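Okay, here we've got a single chain as structure tokens, the form predicted alone, with questions on binding and movement later.
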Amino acid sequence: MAKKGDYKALFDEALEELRVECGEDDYFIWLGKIGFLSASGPEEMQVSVPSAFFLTQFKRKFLARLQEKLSSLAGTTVTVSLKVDEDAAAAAAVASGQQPKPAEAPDKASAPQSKDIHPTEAPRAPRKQLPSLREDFTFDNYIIGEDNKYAAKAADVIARNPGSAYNPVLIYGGVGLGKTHLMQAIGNYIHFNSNLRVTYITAENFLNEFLEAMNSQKMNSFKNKFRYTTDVLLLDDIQFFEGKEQTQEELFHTFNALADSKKQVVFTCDRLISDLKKIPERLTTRFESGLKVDLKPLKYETRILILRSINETKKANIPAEIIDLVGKNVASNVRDLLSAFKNLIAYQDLTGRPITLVDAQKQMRDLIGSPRQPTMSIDIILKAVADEFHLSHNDLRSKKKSKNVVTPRHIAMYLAREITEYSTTEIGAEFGKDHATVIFACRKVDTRLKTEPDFYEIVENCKRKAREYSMRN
């Protein structure tokens, strides 16, 4: 058995071996965030974790493996107890050199090694929560699964190395997929772990402040706020700038001023910049000059992790079978997922009794009636729509603009968005179209569905055929 003074070294050796065995991704997300606290005896070790939710997930995923590795190295059975101790975990990580490996950019260029953004030995006065940032939008509250692992990893590296790791950064994806959460997590981390000045603003509010400054002749104050007194600019929903020429001009100069000073800039958008219309090339070039992070609809496993987290945080005690019901039937985005689950929690609170599976099915009958289906493919939808209109797959994927082809094509795009997990960018690629074309098609179909009963029946027939074809495969 290791001597008392060797417990820390034993712990470090176990982590290094697990790092090799589990890989860098699991080390970055889990093992790299724990730290040695103490050993109360030859067979008991205390280990720190950064949050209560992390503790629950780590216990389920890695505790047994960590204890097995420690026991193997120590030559006796070692039991590990976990303690939420954020400061101790951070100090342990610094002391043992456990810094997460930075994410690779899409072009495989290496990023700078991740390191703390403030001197750990220099004490700082505690900072208050920024009013513009939600305090619950943190990395600890961002549930990581296989499908968003890369995005979370990149965001963590950016937060630890503002202005140097990747700059600028574009986070893009459909509505409700967590773009704002990830962006604000970067802002919250930088704000509370450095003296840097963070500014978060939506594109709409940026436009409003710009117009107000112009009308009141206070442009110097506006420029000072965004160009010179800001160290980190977080700009949400830049698709809002389409066609706003004066604001685009101001943003261009703001971007250049921040870039010249090596200040961090993070944008979010509901699509790729190349899919935006009425954006000048010089601004598009600036937007696309850094790292691009794509957020896609979450897979079932990640959705279940999110629901379990909410269930634990709110102490709702929703049964596992109901969590499974929600996870399987709400695949559109995180926002819809949380809304559906919180409605069930509210139902339980209002009735004053535990919710049953039958209760949940009744409350979710609209969602269950037309769920998005992970197994549904665009090819199946194309077959269903083509059969309904007596066309071919090639017709729907072609550039033909005749009405007898355009309407079925729009319906196929609409159904792909409604009953699959594909993003609008991915759907567009299947049809040789861009993201904006898919959005236009979906809006057009949605409008007709509300006003034309016959059209509604046609779309429902296509949807029914698609599900029948899917069940046969």
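Just so it is clear, the model here is predicted, and its values are computed rather than measured. From 1 onward, residues are counted along the sequence shown.
Only in words, not in the display: the form predicted together with adenosine-5'-diphosphate (ADP), which the text now covers.
- The candidate stretches are 185 to 193, 160 to 168, 379 to 387, 135 to 143, and the one lying within 4.5 Å of adenosine-5'-diphosphate (ADP) in the predicted bound form by heavy atoms is 135 to 143.
- In the predicted bound form, adenosine-5'-diphosphate (ADP) lies farther than 4.5 Å from every heavy atom of residue 311.
- Although the partner is absent here, residue 179 sits close enough that one of its heavy atoms falls within 4.5 Å of adenosine-5'-diphosphate (ADP) in the predicted bound form.
- Proximity of residue 174 to adenosine-5'-diphosphate (ADP) in the predicted bound form falls within the 4.5 Å heavy atom cutoff.
- Among heavy atoms of residue 306, some come within 4.5 Å of adenosine-5'-diphosphate (ADP) in the predicted bound form.
- When adenosine-5'-diphosphate (ADP) is considered in the predicted bound form, only one residue from 84, 219, 357, 338 comes within 4.5 Å through any heavy atom, namely 338.
- With the partner omitted from this view, the residue of 207, 334, 316, 201 that lies near adenosine-5'-diphosphate (ADP) in the predicted bound form is 334 [heavy atom within 4.5 Å].
- The gap between the Cα atoms of residue 176 and residue 421 is smaller in the predicted bound form, by no less than 3 Å, than in this form.
- Distance between the C-alpha atoms of residue 237 and residue 421: shorter by at least 3 Å in the predicted bound form than in the displayed form.
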